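To begin, one chain is listed below as structure tokens, in the form predicted on its own.
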Amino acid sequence: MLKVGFVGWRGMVGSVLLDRMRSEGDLDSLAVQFFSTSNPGGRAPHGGASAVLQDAREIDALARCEAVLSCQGGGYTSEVFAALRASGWNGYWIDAASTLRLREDAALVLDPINADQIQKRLDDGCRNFIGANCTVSLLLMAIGGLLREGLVEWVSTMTYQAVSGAGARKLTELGSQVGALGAATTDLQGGSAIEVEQAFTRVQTGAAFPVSEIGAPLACNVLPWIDRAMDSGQTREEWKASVEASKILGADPPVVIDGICARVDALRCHSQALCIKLARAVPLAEVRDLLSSGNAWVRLVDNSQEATLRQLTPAAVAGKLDIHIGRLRHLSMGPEYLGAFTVGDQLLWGAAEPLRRMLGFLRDARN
């Protein structure tokens, strides 16, 4: 069996990945060794009472694995990856962090979209396979059928990204913000709407409101800035869209994707409002057929109020592998302009699932 070292299995992405591996029986077909940066020598989450956590900074221990899968974050990758390679290790590095994504010797993995490229890179001797940006992966999963047919000239995407995409501590702080707002209105039962709004605003803008992790009030708010500034005026999160999508697709010239990324107070799942410039006018029925044939996880939602509110929301999609896309219509600019809205769980297809399936490629290659 393929011997895999798993690092970062207790974080949000890592715990979702471990749950998926358990539910799909992956742990029975792989020899998984669990590593820890904080508790080496502790009990591992799989393998029985005698299974012990290894030190995730011990290069010799990592080098005994044929593959290392890391959900530990970019800091860990920067600390360990180069040293592990310098030791002579020639195994497979699979990573959720962004650190290695744009290296020439790394492939981005999203196999419903680029399985052929993944297999080619494996055949060519590539040893670094990295998960792509979550919003980029979810976008490509949603519109893969149109991309496959060469129908997309450009995409303008406005993202509404859940707080869990920023990490566990920020999700916890959002809970504290919600609690503080709730406490502000406990004495206003039966009060007017304006009194409730004013009470919320006083607390939300007050010095005691918890913002040390997020940096600003997020509860009952929208923050249209994610990641650091780029010289182009984009944030780095916005810049990633075209760059990483083009690498996933092997597109030359690059596919044009741009827009504004915002953090919202959804707990889980990223949403995106899309304006797609098509290469030609395509009847809506054909658009729907192409989208639904893009991959096995796309779910079309009727452009009706009832279906949209029931199926096209983060709460409706959380914990599911399905990628929902709806609000499909030709925009008033012309029949070659398509409007759409899509929602997907960024902890699944946006992060954990491509890594899990990359292990499947390696396992199958072994067999």
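Predicted model, so just to flag it, every value in this text is computed and none were measured. In this text, residue numbers run from 1 along the sequence as written.
What comes next is about the form predicted together with a small molecule, which is not displayed.
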* Establish, in the model of the complex, whether G11, S164 and Q346 all lie within 4.5 Å of the small molecule, using non-hydrogen atoms for the distance. => yes
* With heavy atoms only and a cut-off of 4.5 Å, decide whether C134 touches the small molecule in the model of the complex. => yes
* Asked: Going by a heavy atom distance of 4.5 Å, is G350 a contact of the small molecule in the model of the complex?
  -> yes
* Mark T308 yes when one of its heavy atoms lies within 4.5 Å of a heavy atom of the small molecule in the model of the complex, and no otherwise. => no
* Quick one: does N303 come within 4.5 Å of the small molecule in the model of the complex, counting heavy atoms only? -> no
* With the small molecule left out of view, which of P217, G91, G294, G73 would have a heavy atom within 4.5 Å of it in the model of the complex? -> G73
* **Contact assignment for the small molecule in the model of the complex, among I257, I118, A97, I276, heavy atom within 4.5 Å** => A97
* Asked: Going by heavy atoms within 4.5 Å, which of 168 to 176, 110 to 118, 187 to 195, 283 to 291 lines up against the small molecule in the model of the complex?
  -> 168 to 176
